[in-house]
Every structure is written in C-alpha cells, then in structure tokens.
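Okay, here we've got a single chain as structure tokens, the form predicted alone, with questions on binding and movement later.
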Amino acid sequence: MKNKKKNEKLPLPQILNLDDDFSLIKRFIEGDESTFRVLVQRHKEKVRNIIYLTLNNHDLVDDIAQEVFLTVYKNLGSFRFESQFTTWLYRITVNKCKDHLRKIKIRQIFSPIKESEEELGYEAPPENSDIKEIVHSAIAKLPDKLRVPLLLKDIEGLSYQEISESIQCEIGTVKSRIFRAREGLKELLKPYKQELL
C-alpha cells in the first residue's frame, strides 16, 4: 500500500518541455526573445534546404531564409498552436519562394531582352554534373505547383496532411500533384539513365 501511495505522488511527465517548439514559442511570446535564436538554429537548415531545392540557386538561399525568419519573428506572437510550428514555418518558406518566382515572371514580362537562366534564379547543370546536380536541375524544371509538394514529401519527409496545411490545398490534390511530379521527373531524367544507374 505504501508503494502504491509513493507511485501516486510521482509527478506526471509534462507533455511540453523547455526544448519543445511550442514551449520556446510561449517563452518568446512572454518576452524571452533569446528563444527565437534557438528556433532559428533548430530549423534553419530545413528552411535553407527547401529554398535551395525549390529555386535551385545557392545565391538566393541566405537572403530568402532571412526573409522567412524575419516574417516568423514579426508574426510569432500571433501563432495559434493549432498545427505544428514546422507546418507554419514551411508554409511561410514556400510562400517566400513563390513570391520570388512571381517577381521573376513579372520581370520577364517587362524585360525587353530575354534574361539568362542564371538571372532568373535557376542554374543550368554543368556539362559534367554529378547525379545530385542532375536531379536538382530536373526538379527545378518541374512547375512550382508540382515541385513544392514533391520536395516537401520526398526530400523533407512531411506527411500528406502537413503538406496540405503548408501549401493550403486538399490532401487529394497534394497526392495527385506528387504523383504527377514523380512522373514528370522520370521523363526529365530519361536522358541521364546511364549516369543514374
């Protein structure tokens, strides 16, 4: 009986601990701005990876990542804790990439001289590219609406639900776009069959 009472008095483990994203956000909202640095350190490589894989341009990664985290910093106080922080963060990242691509398209419309691929935010693969560069180049050629869900699923490992929330569309649409992106990627990679084997 004594043992039973001892066990009952043990504190229950807390669901949130100090290292948890939600805990860090709550501390930030309460005025501890140092926790923001921890959030950035924890998630910056994932954000940078999404940006690079979406735009296929190393030169843009740091600038857009900075824009992402600036937006997060300004809006973190209104985070509603209804979904994972990463879902919200990836949605912001995807939107910043879309904004950049939109600006490129607008610039193309008003530019009398056709800009090179490099100026448009894409890099052409070098003559003797390695497999990684071949695949990145092929992914970059996919339309935005197919490329982003594919990257979030196959590279970042997000669930269909998380992707649906991140890009704000139905799960069925997400699955369809990922299927079409994979099919498109197969077609784009056909000329490199020997290098990929």
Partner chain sequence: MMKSFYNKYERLSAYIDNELSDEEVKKLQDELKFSKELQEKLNELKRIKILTASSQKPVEENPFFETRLAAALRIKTPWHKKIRRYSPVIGIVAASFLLMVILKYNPQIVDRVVEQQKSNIAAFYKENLKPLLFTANLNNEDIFNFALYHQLPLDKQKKQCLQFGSDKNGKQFFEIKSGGIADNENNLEKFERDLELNTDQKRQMDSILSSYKKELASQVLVNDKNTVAINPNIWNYNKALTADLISFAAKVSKRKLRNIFPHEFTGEYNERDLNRMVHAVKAVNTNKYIFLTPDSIFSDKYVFNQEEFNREMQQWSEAMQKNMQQFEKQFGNFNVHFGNNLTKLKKDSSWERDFNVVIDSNMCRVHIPEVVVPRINIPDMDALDGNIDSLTTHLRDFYFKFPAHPKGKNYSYKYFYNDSTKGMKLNFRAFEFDSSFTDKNHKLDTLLQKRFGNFNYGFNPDSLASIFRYFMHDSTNSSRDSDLREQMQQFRMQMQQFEKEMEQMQKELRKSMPQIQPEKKKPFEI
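Positions refer to the first chain, counted from 1. Quick caveat: nothing in here was measured; it's all calculated off a predicted structure.
One more form of this protein exists, namely the form predicted together with the partner chain; it is left out here, but the text below deals with it.
Not displayed here, the partner chain is kept clear of Ser23 by more than 4.5 Å at the level of heavy atoms in the predicted bound form. The partner chain in the predicted bound form comes within 4.5 Å of a heavy atom belonging to Tyr73. For Leu188, no non-hydrogen atom is located within 4.5 Å of the partner chain in the predicted bound form, even though that partner is not displayed. Contact check for Leu146: every heavy atom lies farther than 4.5 Å from the partner chain in the predicted bound form. Residues are counted as partner-facing when one of their heavy atoms sits within 4.5 Å of the partner chain in the predicted bound form; in 40-69 these are Val40, Gln41, Lys44, Glu45, Arg48, Asn49, Tyr52, Leu53, His58, Val61, Asp62, Asp63, Ala65, Gln66, Phe69, in sequence order.
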